[in-house]
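Presented below, as structure tokens, is a lone chain in the form predicted on its own.
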Amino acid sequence: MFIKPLVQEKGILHFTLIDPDKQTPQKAAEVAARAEACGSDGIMIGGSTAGYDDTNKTTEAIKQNCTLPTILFPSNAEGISEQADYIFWMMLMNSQDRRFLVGEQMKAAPYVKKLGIKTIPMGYIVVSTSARPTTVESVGDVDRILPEDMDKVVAYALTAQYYGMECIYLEAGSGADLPIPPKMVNVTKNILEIPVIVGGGIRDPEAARKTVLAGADVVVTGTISEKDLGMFEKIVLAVKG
């Protein structure tokens, strides 16, 4: 167990997502150090196309410049690194492709065991909040969940909980037009007994605070940490405040 005890200890959490494909390892390390200084609680490392070399070099650089827990957020079996503290052992619940339900996990499992990376079982649910599909929607071949599809998201979330997942992650995707609707966060939170992580499309303190008030246990931001440090700090304060 990792997420639930951390939430119980620290309250609402903020995680910073760093995509190894979007900057050099040195730049990623700088972003992680700034995130720690701003009050973020953990560094997620991964992206829709990140491979082993970039993930490993990025994780190593981050570990050298930041004391926060590092959590791998892989899209496939290549997105792992022995440098990381944890890995989200996740199933893309609404994928229609076996690869993202169990296939990539089977490839990675022996290496995760060998490397001794601690696993955090997670049900990953992608919600479509953009006019055009985000990268994760396209790559993951998802069964689309629209912002008004409350029954569908609840069904997927409960399935994850009944499988024994430690948490669920409601994700709008990198570069999403809009964040997950607060009502959807609230409905999902109220039906579950496990922590709810929410990310994607959160670009300002108001959106972050609405997500927290709706019931999110962890708020994830990524792109904004690279583009606007001042706004990123305000978002972290909104989450933690």
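A quick note: this is a predicted structure, and the numbers were derived from the prediction, not measured. Position 1 is the first residue in the sequence shown; the rest follow in order.
Only in words, not in the display: the form predicted together with a small molecule, which the text now covers.
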query: The single option of 89, 100, 156, 124 touching the small molecule in the predicted bound form, heavy atom within 4.5 Å; finding: 124
query: In the predicted bound form, the one of 186, 65, 174, 49 near the small molecule [non-hydrogen atom within 4.5 angstroms]; finding: 174
query: Contact segment among 34 to 42, 56 to 64, 192 to 200, 206 to 214, judged by heavy atoms lying within 4.5 Å of the small molecule in the predicted bound form; finding: 192 to 200
query: Any non-hydrogen atom of residue 222 within 4.5 angstroms of the small molecule in the predicted bound form; finding: yes
query: Contact test in the predicted bound form: residue 13 vs the small molecule, heavy atoms, 4.5 Å; finding: no
query: The small molecule contact in the predicted bound form: residue 17, any heavy atom under 4.5 Å; finding: yes
